[in-house]
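Below sits a lone chain in structure tokens, taken as the form predicted on its own.
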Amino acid sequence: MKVAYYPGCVAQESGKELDLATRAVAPRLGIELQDFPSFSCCGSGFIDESNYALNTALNARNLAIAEKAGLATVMTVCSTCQGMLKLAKRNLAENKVLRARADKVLAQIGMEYRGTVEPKHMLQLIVEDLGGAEKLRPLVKRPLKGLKVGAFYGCHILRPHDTMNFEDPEDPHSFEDVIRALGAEPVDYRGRVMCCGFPIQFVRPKTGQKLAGKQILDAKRNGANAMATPCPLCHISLDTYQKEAGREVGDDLQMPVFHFPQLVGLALGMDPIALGVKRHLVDTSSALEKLGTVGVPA
């Protein structure tokens, strides 16, 4: 399956391990990635808050780039990017005034948005287009036996539900289905569908860190010895700020946190270093040792 690959900003900079893992895993899943260096930022948290119409036009341009190449799907690996692209697609379909403004802007740069392309997160692509989680089982070479994984969906891959049109935001199961197919044990905990705190991390840091700490602690108390997330912004909150989050909830959390494609790659037998685990701030050795992969520094 050929897709337009939309890595987003974080996966190309502070979270390069996510892009690394995605590029390594995709071919083994039958996903052909087509790069478009002209893709721009989705504008989340910046442009969308200051100029909503401009941000819609910006994402209409991103989608139009994939359409022009004849592709039907834009694959994201960031829940926030997914949210922005899906919201733009919905608003362009429902708001005629906004659509007219976007069309006018795009015409000035020789672009046209037709609404034929669908943005989908890699997780959604696997469960909806590649045959579902069970199709992963024959590909597994290193079952993740011994790992009890707390899936952390975050906000934007699920909400708003009428825009994302993916799963029940209060009781999703796709990520857990994948975890189970990879040989690990999914952990049920309330925090899996809650906010990681990233949106307020730089405004009220202690509040944001407390939110992250609360979700990690919830997973830990329910038996998780690792977590995984489909969003690099959630990964920043859960991994990069985990030490601060632990202080806010009074616990030395020490919870390894994997990006979604890293978890898949580990089960496919790939080298953890090739999947970028050395870039994590929280040591992943405790999780890797359970898989018989020892001596790999985080």
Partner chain sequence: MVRVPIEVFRGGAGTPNRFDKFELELEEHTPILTALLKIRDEIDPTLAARYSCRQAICGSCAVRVNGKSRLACVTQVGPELAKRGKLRIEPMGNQPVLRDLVVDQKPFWDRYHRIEPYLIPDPAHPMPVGKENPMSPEQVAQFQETPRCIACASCFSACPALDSDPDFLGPMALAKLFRFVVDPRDGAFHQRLETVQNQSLWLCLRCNLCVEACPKDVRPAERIVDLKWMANQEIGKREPGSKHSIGFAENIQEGGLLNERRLAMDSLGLIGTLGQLPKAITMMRHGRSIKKHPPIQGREQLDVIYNAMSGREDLQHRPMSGEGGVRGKAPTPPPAAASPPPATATTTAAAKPRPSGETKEAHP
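Positions refer to the first chain, counted from 1. Keep in mind the model is a prediction, meaning the values are calculated, not measured.
Unshown form predicted in complex with the partner chain; subsequent notes refer to it.
> Is residue 217 close enough to the partner chain in the predicted bound form to count, meaning some heavy atom within 4.5 Å?
Contact check for residue 217: no, nothing within 4.5 Å of the partner chain in the predicted bound form.
> Using the partner position in the predicted bound form, report whether residue 193 sits within 4.5 Å of the partner chain, counting heavy atoms only.
Output for residue 193 is yes: heavy atoms within 4.5 Å of the partner chain.
> Evaluate residue 48 for contact with the partner chain in the predicted bound form, applying a 4.5 angstroms cut-off between non-hydrogen atoms, and reply yes or no.
Residue 48 belongs to the contact set for the partner chain.
> Considering non-hydrogen atoms and a 4.5 Å limit, does the partner chain approach residue 130 in the predicted bound form?
Although the partner chain is absent here, residue 130 would stay clear of it in the predicted bound form, with no heavy atoms inside 4.5 Å.
> Just to confirm, with a 4.5 Å cut-off on non-hydrogen atoms, which of 142, 101, 137, 180 contacts the partner chain in the predicted bound form?
Going through each option in turn, the one that passes is 101.
> Would you confirm whether the three residues 84, 111 and 240 all fall within 4.5 Å of the partner chain in the predicted bound form, going by non-hydrogen atoms?
Every residue of the candidate spot has a heavy atom within 4.5 Å of the partner chain in the predicted bound form.
> The chain here is shown without the partner chain. Which stretch in 250-258, 25-33, 50-58, 264-272 comes within 4.5 angstroms of it in the predicted bound form, by heavy atom distance?
Careful reading of the contacts points to 50-58.
> Would you give me the residues of 192-217 that have any heavy atom within 4.5 Å of the partner chain in the predicted bound form, in order from first to last?
Residues within 4.5 Å: 192, 193, 194, 195, 197, 199, 200, 202, 203, 204, 207, 210, 211, 214.
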